[in-house]
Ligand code: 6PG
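One chain comes next, on its own, written out as structure tokens in the form predicted on its own.
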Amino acid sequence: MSPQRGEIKVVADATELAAAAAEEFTRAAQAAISARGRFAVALSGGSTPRPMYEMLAQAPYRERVDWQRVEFFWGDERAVPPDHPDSNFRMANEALIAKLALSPERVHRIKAERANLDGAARDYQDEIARALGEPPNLDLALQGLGPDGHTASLFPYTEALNETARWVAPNYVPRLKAHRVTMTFGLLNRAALVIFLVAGADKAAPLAQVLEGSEDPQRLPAQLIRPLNGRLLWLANREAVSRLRHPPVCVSAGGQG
């Protein structure tokens, strides 16, 4: 695996994946708050990160983070209201944020229910700039990997893959006939730490292609995640790494690999 494609840690199952991710999240939050008084994180949607969010809302992780110093953002959002079952905001809010009694100004959701998604993307970019300055630097960007190699709402062969000026952009996904709003690579690659959470046999083929295959970022957008000055970490369970030619040794949830 090319060094620029990051490091990978393998755990046994979904429970250990959530614990390993919660540990990485907690350490990153503590370090950022200690250094700068603030932790800026972009959350991901989908089913894989939910157990981690639920774990963070409980002891011992809840007590290890100064949640009032956390700025929550979202890497992407579907064009649905915030109470819709498909909303990335709704999932993270139910699993974590609503349990923390946060100040509302710390929670920066993408208003993707608006009819004008270009305007929603521009307004979100402005909100990020107000919160983090220009150019903005995330402390942590949580990412998922789709079966087609997409990450956030950066899908294969879609317009947002070629966006170089904006940090946030609308993106139409013809295969899904769906509209999204997504952070772009220009912002995600400024993160101090990017963590991909990858679980399940259906992710084995795309993970192998992204990490060990030839460069083809239009087909495999996750290959474009390459932090400029940060760390790229893949946390995966055994099923997800089953097609890697040289999978790393499985480590415990709290172990170092």
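All values reported here derive from a predicted model rather than from experimental measurement. Residue indices: 1-based, along the sequence shown.
Beyond the structure shown, there is the form predicted in complex with the ligand, which is absent from this document and is the topic of what follows.
- With the partner omitted here, the residue from Gln218, Ser47, Gln30, Gln68 that has a non-hydrogen atom within 4.5 angstroms of the ligand in the predicted bound form is Ser47.
- You can rule out all but one of 60 to 68, 225 to 233, 204 to 212, 37 to 45: in the predicted bound form, only 37 to 45 has residues with a heavy atom within 4.5 Å of the ligand.
- Residue contact with the ligand in the predicted bound form: Pro136 places no heavy atom within 4.5 Å of it.
- Mapping the unseen interface onto this chain, Asn171 falls outside it, with no heavy atom inside 4.5 Å of the ligand in the predicted bound form.
- Although the partner is absent here, Thr184 lies well away from the ligand in the predicted bound form, with no heavy atom inside 4.5 Å.
- Within 4.5 Å of any heavy atom of the ligand in the predicted bound form lies no heavy atom of Ala121.
- For the partner-free chain shown, Asp76, Arg78, Asn88 of 71 to 97 come within 4.5 angstroms of the ligand in the predicted bound form, judged by any non-hydrogen atom.
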